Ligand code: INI
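The chain below stands alone and is given in structure tokens; this is the form predicted alone.
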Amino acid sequence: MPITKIEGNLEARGLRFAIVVTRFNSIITDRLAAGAVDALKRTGCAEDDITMVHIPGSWELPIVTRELAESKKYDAVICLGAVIRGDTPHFDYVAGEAAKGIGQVAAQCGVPVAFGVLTTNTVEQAIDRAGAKSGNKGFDAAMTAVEMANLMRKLRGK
């Protein structure tokens, strides 16, 4: 008997997405958001099917993401932020709790949540990951969201 293979595809036409983007480190997060929108449009998503929510910082990502996921208005939520290490342990708390909270939302709400939160040691590393040397992680997160939204539709028989 052959193996059944189920996977998502990169077609966003007819899917709805919420992008949650932090204002803290906006020089980085604005680039991540532009990358995410670019990815969604390239895969066929209409502008009317994209909602962008701006929030203060990465600490607020879990609560806003939960609200959007529980609304059942979106096929996936894309979380974008940048937490850059400083001289205090603040980085560890914010990055860790944001990641944990976002993961919990995805597991509990059943809506795909793409993690596009940069956690870097320097501003230069963040810039590299927001469209310079290392590509754009906002674009990558959006592509993950498209694939997962399609996969979940298939798994749910839609």
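All values reported here derive from a predicted model rather than from experimental measurement. Note that residue numbering follows the sequence shown and begins at 1.
The next section is about a form of this same protein that is not shown, the form predicted together with the named molecule.
*Asks:* Are 62, 79 and 99 jointly within 4.5 Å of the named molecule in the model of the complex, each by at least one heavy atom?
*Replies:* Zero of three within 4.5 Å in the model of the complex.
*Asks:* Out of 32 to 40, 102 to 110, 122 to 130, 53 to 61, where are the residues with a heavy atom within 4.5 Å of the named molecule in the model of the complex?
*Replies:* Flagged stretch: 53 to 61.
*Asks:* With the partner left out here, check for me: in the model of the complex, does some heavy atom of residue 25 sit within 4.5 Å of the named molecule?
*Replies:* Yes, residue 25 lies within 4.5 Å of the named molecule in the model of the complex.
*Asks:* Within 4.5 Å of the named molecule in the model of the complex, which residues of 93 to 119 have a heavy atom? Give them in sequence order, or say none.
*Replies:* The stretch 93 to 119, when checked against the named molecule in the model of the complex, contributes only 94 at the 4.5 Å heavy-atom cut-off.
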